[in-house]
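Only one chain is given next, in structure tokens, and it is the form predicted on its own.
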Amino acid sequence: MAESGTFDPNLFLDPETGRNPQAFYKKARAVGAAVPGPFGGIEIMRRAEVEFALQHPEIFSSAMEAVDLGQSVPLIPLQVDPPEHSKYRKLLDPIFAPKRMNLIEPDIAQLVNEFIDGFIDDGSCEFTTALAEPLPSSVFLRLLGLPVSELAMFLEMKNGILRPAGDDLEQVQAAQRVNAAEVERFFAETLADRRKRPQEDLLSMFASAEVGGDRLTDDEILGICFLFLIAGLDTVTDTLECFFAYLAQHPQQRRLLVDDPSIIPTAVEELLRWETPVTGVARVAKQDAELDGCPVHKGDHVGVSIGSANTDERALPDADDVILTRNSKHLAFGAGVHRCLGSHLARLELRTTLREWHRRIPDYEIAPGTELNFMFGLRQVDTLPLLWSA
């Protein structure tokens, strides 16, 4: 690992890192396979070591100790390691299987077009509030069986957990606990209602589901729903923002999609590799280990930089080139047993949005004078005003 004097961990928090993470990743990888993290512990930066960490949960655990969002129960299946992890995946994987997700593509396409109908004649929109936020949130709330009319409330709770307000760590954690308690209270009340009045939705299914021959407990259902809410209402939104910010600034790349929509599936994979909106994941060491000469001690907090791994020239010599027609082998959805449960749904939403948007709005740009500011971690654009000829 790099000596603290040769690498400044505060660079992780620099606004320029959010705007231009690939350059930052390259500098960090040049220092070592792992570098000091911004909040202590280490950050794993190179592809080989990142893959090793993701593939070995017995060493690098994803349990609750890895990250505290203020909740009282583990997020299932993310914060449950093997062997218990597998029983939850057996229940949840079929829900998000590709064949099942593909059945809702017409509904997603209809939603995309309904949102576009609302602003296309204006010749402009603030992309986040007009499409990137309401689209995946609407899809996920309908899937879970929650009222889309309450989207603003759900987004407020989600943002209070993932992007809490506060001037210091103590205030941030206090805000997270308040919002997490509100999420848990909401789902406890909703679950009680579903037990009395079952519906055709996932919450009702969970209320009667069994894992390993035993009914899911209320805490287990709560952990599943908590994760679904914060993931379903955030990650695809962040990804759409990153994708459209990139395409708005690279008209030649955008023209490839417009001229040949058949490349959209590979374009999605390449943009996931290059942008990697979920820049990293947290782990905690369960035993002593070593990564390319860097000692890792039991109890250490470990950041696993997926974004850096995806742009590591050691694994992909032309990693700095964005080639929308290549079949990217990226880690944007993670790897190993904790690989993203909703990856098939996310891909479907991304493909459908790119297809329908560029069919109707092929040429667009970022409003002149706009300086894009990206939050790092969950890489989100604070505002993305787009213009086109109406």
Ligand code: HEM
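Residues carry their position along the shown sequence, with the first being 1. Bear in mind that the values here come from a model prediction, so they are computed numbers and not experimental data.
Omitted from view is the form predicted in complex with ligand HEM, to which the following refers.
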Where, among 70-78, 105-113, 252-260, 149-157, do residues come within 4.5 Å of ligand HEM in the predicted bound form by heavy atom distance?
-> 70-78
Any chance residue 341 has a heavy atom within 4.5 Å of ligand HEM in the predicted bound form?
-> yes
Mark residue 228 yes when one of its heavy atoms lies within 4.5 Å of a heavy atom of ligand HEM in the predicted bound form, and no otherwise.
-> yes
Given that the partner is absent here, does residue 334 sit within 4.5 Å of ligand HEM in the predicted bound form, heavy atoms only?
-> yes
Consider residue 273 of the chain shown here, and say whether it contacts ligand HEM in the predicted bound form, taking contact as heavy atoms within 4.5 Å.
-> no
Could you work out which of 235, 128, 137, 179 is the residue within 4.5 angstroms of ligand HEM in the predicted bound form, going by heavy atoms?
-> 235
Only one of 89, 301, 195, 142 has a non-hydrogen atom within 4.5 angstroms of ligand HEM in the predicted bound form; which is it?
-> 89
Every residue in 12, 46 and 248 with a non-hydrogen atom within 4.5 Å of ligand HEM in the predicted bound form?
-> no
At a 4.5 angstroms cut-off on non-hydrogen atoms, which residues of 81-96 are near ligand HEM in the predicted bound form? List them in order.
-> 85, 89, 96
